[in-house]
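For reference, the chain that follows is the form predicted alone, supplied as structure tokens.
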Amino acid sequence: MQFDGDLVEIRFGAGLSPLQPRPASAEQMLTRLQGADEMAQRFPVSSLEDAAAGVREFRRLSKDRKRQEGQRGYEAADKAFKSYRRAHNLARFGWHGQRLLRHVHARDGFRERLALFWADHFTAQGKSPAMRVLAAPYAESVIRPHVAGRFEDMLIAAATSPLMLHYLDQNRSAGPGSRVAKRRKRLSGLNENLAREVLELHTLGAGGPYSQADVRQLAELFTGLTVSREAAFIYRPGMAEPGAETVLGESYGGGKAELEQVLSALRDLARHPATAQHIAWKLAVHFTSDTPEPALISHLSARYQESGGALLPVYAALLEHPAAWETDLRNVKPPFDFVASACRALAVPEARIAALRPGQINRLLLAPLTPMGQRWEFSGGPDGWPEEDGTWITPQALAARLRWAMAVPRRLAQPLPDPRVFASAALGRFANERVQFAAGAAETQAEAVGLILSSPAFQRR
């Protein structure tokens, strides 16, 4: 394999930037992954714990407003609630700007890509007004710290996250024979959502070596994982189904219900060979093509098993395999990645994003993702966003990308760069003849930049 800095930034990173030098080697990329998370420090996003405090205040004000209905204090309570709700929602726009700035200024674009990949793998979303803003804090606290660590630690963090427990209705799942279920008949009973998604999406994969009986047993083992009134994770033994559970032939529990029994099952699932195969396949699809070479998948899976699920060796296996260095750009950038890489190529200044009001961030950078086919942080289900190129290449979605490319860059970068210089800055050696022609033939600078960003070469990675 011959290391290619332009290809690295486009395929494995956040795109080319006129501000950031290309990585010098795969070793440097891996070393940076092990170092400090510079972008998280420079462009902070709320932690899940802090954001959960906002959820509690949201609920308190909502209850206070409801309690005041028909009374003299209602108007003030209503005003306080609506004001807080607006600020609560606007915070999401601010966090979106911070995450975009990370892509613009990152030396370590591989980390940004991996953070997106794993947050999508462990998709979790808020289903109530109070919880809908938590996706970014979830990615910040649950996913990002484990990107270069061990898969099992990320799995445990996700499966015990308050947002995941809320999203998959685990927070009210009680064992049919538990003390709480016998005492409180209003409980909804056993819920299999989390167990099913852990097996099918997060570890073994669809078609993996598990049965409905395994789903049921794992769901019973998961009883007790719930969320406190303070919107924090808590394990309640009183909700746990008594007795031992058998998952994939292994027995867990049987004595006093304890969280460690659940964590032990999650560790075993993380180390299962089928999980290695599933994770290897997902990484190969994400970074190479919809139909990755079987040899690449086998290589990644073998390294995963050798390392016991340590992710850095798996990334090293990806970067050392010849299939990862095919020069044809096959995958299409999803909308967020398209907009983020455009901002990076334009070198949008930090001050420009910081100067945008939350509503402007929404209008210019967040809301346009929806007509492109990606309602950001609200995918259609727990399986996250599709990887298939065809999902993003539709007439309506392409038209939305073209509209954004023609209209928004001039609002973000003033003055716009010289189009011929910009073509090289955005695509490096992948700025083909068509791109160069468009850069020189457009009637205006804004049109030229828009055409470069709309080109097939820029849409792929």
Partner chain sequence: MQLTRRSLLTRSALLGCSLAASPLVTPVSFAAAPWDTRLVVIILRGGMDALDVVQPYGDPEFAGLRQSLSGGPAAGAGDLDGFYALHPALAPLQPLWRQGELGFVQAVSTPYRDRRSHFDGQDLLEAGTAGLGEASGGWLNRLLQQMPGVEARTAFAIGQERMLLLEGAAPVSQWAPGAGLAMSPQAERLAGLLMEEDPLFHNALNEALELTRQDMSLGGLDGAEDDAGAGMMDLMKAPKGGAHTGIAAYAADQLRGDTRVAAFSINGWDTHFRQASGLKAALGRLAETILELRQGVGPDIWGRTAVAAVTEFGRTARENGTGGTDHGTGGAMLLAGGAIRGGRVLGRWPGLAEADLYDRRDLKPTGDVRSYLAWLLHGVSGAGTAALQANVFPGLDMGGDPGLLL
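Positions refer to the first chain, counted from 1. Because the structure is a prediction, the values reported are computed rather than measured.
Form predicted in complex with its partner chain: not shown, discussed below.
Asker: Given that its partner chain is left out here, which of 89, 298, 289, 191 has a heavy atom within 4.5 Å of it in the predicted complex?
Answerer: The residue in contact is 191.
Asker: Quick check on this chain: which one of 263, 201, 77, 312 has a heavy atom within 4.5 Å of its partner chain in the predicted complex?
Answerer: Partner contact (heavy atom, 4.5 Å) among the options: 201.
Asker: When you measure heavy atoms, are 371, 393 and 443 every one within 4.5 angstroms of its partner chain in the predicted complex?
Answerer: Result yes, every residue of the spot touches its partner chain.
Asker: To test your reading of this chain, name the stretch in 105-113, 254-262, 154-162, 358-366 whose heavy atoms come within 4.5 Å of its partner chain in the predicted complex.
Answerer: In short, 358-366.
Asker: Against its partner chain in the predicted complex, would residue 212 count as a contact residue? Criterion: heavy atoms within 4.5 Å.
Answerer: Residue 212 belongs to the contact set for its partner chain.
Asker: Look up in the predicted complex whether residue 48 has a non-hydrogen atom within 4.5 angstroms of its partner chain, and give yes or no.
Answerer: Residue-level check for residue 48: no, no contact with its partner chain.
Asker: Going by a heavy atom distance of 4.5 Å, is residue 16 a contact of its partner chain in the predicted complex?
Answerer: Close contact is absent here: in the predicted complex, residue 16 is far from its partner chain, nothing within 4.5 Å, heavy atoms only.
Asker: I'd like to know whether residue 404 contacts its partner chain in the predicted complex, with contact meaning heavy atoms within 4.5 angstroms.
Answerer: Yes.
Asker: Since the partner is left out here, which residues of 283-319 would have a heavy atom within 4.5 Å of its partner chain in the predicted complex?
Answerer: Nothing in the stretch sits within 4.5 Å of the partner.
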